[in-house]
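For reference, the chain that follows is the form predicted on its own, supplied as structure tokens.
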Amino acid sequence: MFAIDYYQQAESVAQAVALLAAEPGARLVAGGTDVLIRLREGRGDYARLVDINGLEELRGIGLADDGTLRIGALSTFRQVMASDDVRRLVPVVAEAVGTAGGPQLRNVATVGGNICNGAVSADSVGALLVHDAQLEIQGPEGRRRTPLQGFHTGPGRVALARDEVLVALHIRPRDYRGFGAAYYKYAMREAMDIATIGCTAAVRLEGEAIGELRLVFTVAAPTPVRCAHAEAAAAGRPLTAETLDAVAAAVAADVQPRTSWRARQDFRLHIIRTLAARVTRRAAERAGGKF
């Protein structure tokens, strides 16, 4: 049994917002893959719950008239992996969530929960960041849009008010057209483990050169990080081993790896440099480039 002090099942997003506003300390529960673990651990700060799992308005994956891809916040990892639109337009998102846990977890874990729990190891985040995903959030004052970039404010913390609900993610055509992307998860085990380091790259080519590189690391700093120095080191350069070496050298200025029981700081930095080059190359090849 879980020690739950308060439970309400919301019948709409607006009601969920109202319930959160009226009950200090209440938290949302959807797939429950994070919340129920905290409850099992005896975390009293997770004992007041507003259940949004039944809200169909938070589900669905599809395209708007302008080509923007919408992923409802309650879309499960399995649904993301199965979506024709995701696999056709942003396949790296399906690739990334496919590395999370096992089939049982992917059947219930939601993209919205993976983002909003603030975990720096979240598998979906890097793939969404390289496509500059925008968040649609509803609160007492209505709905707002905000970039996923900057949404994470620290380990386990995000810029979501206690009475706000993530409704959906949006990826605009300009952020997926012409890009090849790749994700690599370095973990202690090859399956059912959280990332020791996660790396996602997206590359847009201009002829035989890199027109734009977007490079994101997770578990390499207190928050998921876009690597501005590494990206600048690649811009306009040809598809050569020397360019990849420049990316690997520059990325050290973008990250802040730490020592933990999973890996020492120096080992993490070695993995980061290696993956910066390897995953950038894979993304460029998927964009049609040849080295």
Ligand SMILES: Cc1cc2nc3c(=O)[nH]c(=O)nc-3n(C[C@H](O)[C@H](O)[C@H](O)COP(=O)(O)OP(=O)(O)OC[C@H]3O[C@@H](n4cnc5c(N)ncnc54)[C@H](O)[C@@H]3O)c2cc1C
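All values reported here derive from a predicted model rather than from experimental measurement. Residue numbers here begin at 1 and follow the sequence given.
The same protein has a further form, the form predicted together with this ligand, not shown here; the description that follows concerns it.
Contact with this ligand in the predicted bound form, defined as a heavy atom within 4.5 Å, holds for exactly one of N107, N117, Q149, T153, namely N117. Only one of L166, V216, V203, A133 comes within 4.5 Å of this ligand in the predicted bound form through a heavy atom, and that residue is L166. Although the partner is absent here, F179 is not a contact residue: none of its heavy atoms lies within 4.5 angstroms of this ligand in the predicted bound form. Residue contact check for T33: one or more of its heavy atoms lie within 4.5 Å of this ligand in the predicted bound form. None of the heavy atoms of D85 is located within 4.5 Å of this ligand in the predicted bound form.
Heavy atoms of M81 never reach within 4.5 Å of this ligand in the predicted bound form, leaving it off the interface. Contact check for L28, I37 and G112: all three have a heavy atom within 4.5 Å of this ligand in the predicted bound form. Contact with this ligand, judged by heavy atoms within 4.5 Å in the predicted bound form, is confined among 140-148, 87-95, 205-213, 117-125 to 117-125. Residues of 66-102 lying near this ligand in the predicted bound form, listed in sequence order, are A73, F77, T99, A100, G101, the criterion being any heavy atom within 4.5 Å.
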